[in-house]
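Take a look at this one chain, the form predicted on its own, written out in structure tokens.
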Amino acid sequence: MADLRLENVSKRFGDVQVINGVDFAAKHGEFVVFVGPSGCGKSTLLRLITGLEETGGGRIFIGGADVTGMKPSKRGVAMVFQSYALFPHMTVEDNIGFGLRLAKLPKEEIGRRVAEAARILQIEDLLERKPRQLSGGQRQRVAIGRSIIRDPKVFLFDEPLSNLDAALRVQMRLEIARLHKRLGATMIYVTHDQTEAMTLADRIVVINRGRIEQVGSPIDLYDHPANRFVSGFIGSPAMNFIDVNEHGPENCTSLGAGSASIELDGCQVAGATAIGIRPEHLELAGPEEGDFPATVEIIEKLGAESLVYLQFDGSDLPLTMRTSPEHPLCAGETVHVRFNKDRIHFFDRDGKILNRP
């Protein structure tokens, strides 16, 4: 296993600049997740690391060695794709051992490695089956086994769970986390699902339009985002954003929602054009304690919690609040909402954050 380092890596397809001077380093044994919206360049960056695409500039180091010009087979990486890419006419055992047979390793060595990979992934009883006889999760385990058997320096995962149903995604997410703990390998994992990123990563790399917006632990990105893009992308449901109309006297800020305003008690930030607050940092209050009235539009009852979608009085601006399911709310009801003012994020006109709640 080894560390990974990218230095000013770029990639262009025709006139389109897909990757823009990316610098990043992953430590040995670290689980790093590349996350971002579709088309942001995260899968392209993964393909540059594995050598399936040539870099347009910059250098890539694996285990301290410059692998920028090396063929994929020489880089010491293994990639698990979104599609399982299994040979339908081969058994599970043959699929897992295929790469080693191409490398002409002794039959006994191949058998030993296949057996070890199957044990790690708990698929020993599936070795004689064909891919058509497997479930989606079992096929994904076989694809991962094909990577494990090569004993790579770095594992690369390109949205490996996107083809699975919701319950199976949760199960496979746990399996991948256990696999990382068992192997202690350096893993780079690409996903557009920020829940996967939050639950799996030691560190998250948030990518937007081919650039890195922020790198940090899941909790650091959630609590202390660098800008409005990261604030809105990390977290489910997303952070609420409200435009600021003006900063009035006596620390009163007028919001872009009808006549609503909030008292900031001295924490007003000059230059802010918008504020952000997460759904769990809103709470129901009485008419005297609430910051503003709002109308309940939709209630999603999720069991342990409810998501309440609100509208400001006199505005079409939506607002999401996370509440206890014990609150007896109904659609059309007018409620009073209070902000946790210690958890308000302030953004300037360019989306840069102005404070650190």
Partner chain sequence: MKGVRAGSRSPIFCGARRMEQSNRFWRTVLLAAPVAVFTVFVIWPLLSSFHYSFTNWNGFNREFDYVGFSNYAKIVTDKLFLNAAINTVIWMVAAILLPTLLGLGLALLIDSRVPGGTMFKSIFYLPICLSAVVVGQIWVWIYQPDWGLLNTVIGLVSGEEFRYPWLAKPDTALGSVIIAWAWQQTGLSMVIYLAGLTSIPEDLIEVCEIEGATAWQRIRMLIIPLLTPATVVVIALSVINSLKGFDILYIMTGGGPFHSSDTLAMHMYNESFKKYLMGYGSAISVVLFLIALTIIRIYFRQLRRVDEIYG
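Numbering follows the first chain given and starts at 1. Worth saying up front: this structure is predicted, and the values here are computed from it rather than measured.
This next part talks about the form predicted together with its partner chain, which is not shown.
Q: Even though its partner chain is not shown here, does R322 get within 4.5 Å of it in the predicted bound form, heavy atoms only?
A: Flag for R322 set to no.
Q: Contact with its partner chain in the predicted bound form for S73, defined as at least one heavy atom pair within 4.5 Å: yes or no?
A: Yes, contact at 4.5 Å.
Q: Looking at the partner-bound form in the predicted bound form, is V206 within 4.5 Å of its partner chain by any heavy atom?
A: The answer is no: V206 has no heavy atom within 4.5 Å of its partner chain.
Q: Check whether A177 has any heavy atom within 4.5 Å of a heavy atom of its partner chain in the predicted bound form, and answer yes or no.
A: No, A177 sits far enough from its partner chain in the predicted bound form that none of its heavy atoms falls within 4.5 Å.
Q: Just one stretch in 272-280, 223-231, 75-83, 185-193 has heavy atoms within 4.5 Å of its partner chain in the predicted bound form, so which one is it?
A: In the other structure, the partner sits against 75-83.
Q: Please identify the residue among R129, R119, H89, K107 with any heavy atom within 4.5 Å of its partner chain in the predicted bound form.
A: Contact residue from the list: H89.
Q: Tell me, which of G137, G99, G216, G235 has a heavy atom within 4.5 angstroms of its partner chain in the predicted bound form?
A: Comparing distances to its partner chain in the predicted bound form, the residue within 4.5 Å is G99.
Q: Check for me whether its partner chain, as it appears in the predicted bound form, comes within 4.5 angstroms of all of N240, H336 and R338 - heavy atoms only.
A: No, none of the three is in contact.
Q: Scan 218-242 and write down, in order along the chain, each residue with a heavy atom lying within 4.5 Å of its partner chain in the predicted bound form.
A: None of them.
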